[in-house]
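Before any questions on how it binds or moves, here is one chain, the form predicted on its own, in structure tokens.
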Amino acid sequence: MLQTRIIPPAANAHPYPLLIKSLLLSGSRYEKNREIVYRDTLRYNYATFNERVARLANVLTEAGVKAGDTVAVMDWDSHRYLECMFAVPMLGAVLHTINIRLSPEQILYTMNHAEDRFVLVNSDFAALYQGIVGQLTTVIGTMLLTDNAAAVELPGSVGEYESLLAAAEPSYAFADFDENSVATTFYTTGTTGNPKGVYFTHRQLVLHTLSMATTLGSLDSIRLMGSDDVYMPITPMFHVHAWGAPYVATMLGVKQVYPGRYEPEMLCKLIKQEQVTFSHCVPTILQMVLAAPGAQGHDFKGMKVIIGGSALNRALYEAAKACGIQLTAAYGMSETCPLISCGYLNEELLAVGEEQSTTYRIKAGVPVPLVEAAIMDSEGNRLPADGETQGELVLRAPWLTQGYFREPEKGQELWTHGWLHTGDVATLDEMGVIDIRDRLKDVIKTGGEWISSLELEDLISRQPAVKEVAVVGVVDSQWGERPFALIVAKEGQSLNAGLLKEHLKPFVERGVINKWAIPSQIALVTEIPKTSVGKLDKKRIRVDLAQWQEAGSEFLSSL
């Protein structure tokens, strides 16, 4: 251990812990009259927000919630969720953000595994909750969340959210405690087995917030959110704290807009009505918004959107740009809190032509402050950052989950060789730019050569008839695997494997891809399977394709 100089603090010096409550103080300090808006039904300012957080803390305390308990939330993106993101961990309790798009069996598993003690349930999910309540093992009480006055039976309810808050005291003396206390937990699904619980401490969330605020507001080539912006998440708040942006927005006193359930017309209405300037989402959600009737003919000029969760392809980048939206690619995962990298163009890249700068804008970007990234082979050896050598992306940062809750063996696997293993194949170049080539499990090996499904999806998406595409590898007796494209065509357009081959030929001639990367079969479908957070569900796609091939489906088009 390196011997350094440590000077003891004064006996009466305050050991200031990094706690979420510190983030809450800043918003009302800067802009106490800025608004927090819920759909088209409710709006209040930051001073009221701070009072409501205190009222919620009083209600939870009266209901028996104490430090160390886990409090779960089942809600759409709302002001209530934002209040829970502060009040629950500020009590010293743990906030469990339930993924309401999981199956009832998976939700039941996560609630019992997390040892939830108290649950806040939106009336939209009352029936779901009633169906599993008899099998819950640790829950002692519930609270009803609702947008209407309709009576809903909720087992073990202490009352309705707004009524309880109205009757509670508007102040609460939040105590200091260890900054390494767990603040939040949620569950991430993999290709096999039960969902795994990740968790983050107060210290981790505060450091992530500070780094994210620096990234979004101080790097001029990607200036995305400052105190004068209007923020609306289009990422579920159950998914990695809506990527951490609500904590940043609250710290800065930014006007915030919460849309509730994602309805394309409501999203468009709120963007126009509240003059939203910053958001974030996965590609499929942005495509949904751009296709909504309310978006047609509207100039979104000045709106900035971070795209994460799935690769940002050039076709979507150009489509958004034509509508006035500046897209920026970012990278992260559930285990990383999530922000790891964000698109950044240095002076050298800003000086090149539009074609090359766009190529860099849609890559995963440069690691944000306090993140260390490397490329590693299967033996744990560091690989060169030359922009060409591919390996698994591994990470170190102060906010990465330190393991999986109650599954130490899986945590050890996640942190093999002392680095967090992402499961993503990537390159690093001399400028520090991360280029995600594929998931380890999604790379296609044909005739001994590796093909990136993400690169193929990007190139295929540029075909004018393609609305959406997913590429996976399917078993081939001669080549081991062959790429297979699942395509949704634009309305009134048609496509077949022959036309797709013609589209991809110029990329072969220019050396972008090899000729064996061209899919020899495609399936035209009306919808591509998605995961609970809007990503392409390639596990399910492979199962569906195997069934279609076995049945000789009419959807298949062959060369």
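Here the structure is a predicted model, which is why all the values come from computation and not from measurement. We number the residues from 1 along the sequence you see.
Missing here is the form predicted in complex with another copy of the chain; even so, the following discussion is about that form.
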* **in the predicted bound form, residue 211 touching another copy of the chain (heavy atom, 4.5 Å)** => yes
* May I ask you to check whether residue 529 falls inside a 4.5 Å heavy atom distance of another copy of the chain in the predicted bound form? => no
* Flag residue 25 as yes or no: does it have a non-hydrogen atom within 4.5 angstroms of any non-hydrogen atom of another copy of the chain in the predicted bound form? => yes
* Asked: Does residue 324 reach another copy of the chain in the predicted bound form if we count a contact as any heavy atom within 4.5 Å?
  -> no
* Structure fact -> If we test each of 141, 217, 473, 244 for a heavy atom within 4.5 Å of another copy of the chain in the predicted bound form, the one that passes is 217
* Structure fact -> Residue within 4.5 Å of another copy of the chain in the predicted bound form by heavy atom, from 402, 194, 157, 357, is 402
* Indicate whether the candidate residues 287, 464 and 495 are all in contact with another copy of the chain in the predicted bound form, with contact defined as any heavy atom within 4.5 Å. => no
* Structure fact -> Answer among 64 to 72, 49 to 57, 515 to 523, 529 to 537 for heavy atoms within 4.5 Å of another copy of the chain in the predicted bound form: the stretch 64 to 72
* **Residues of stretch 233 to 259 in contact with another copy of the chain in the predicted bound form (4.5 Å, non-hydrogen atom)** => 251, 252
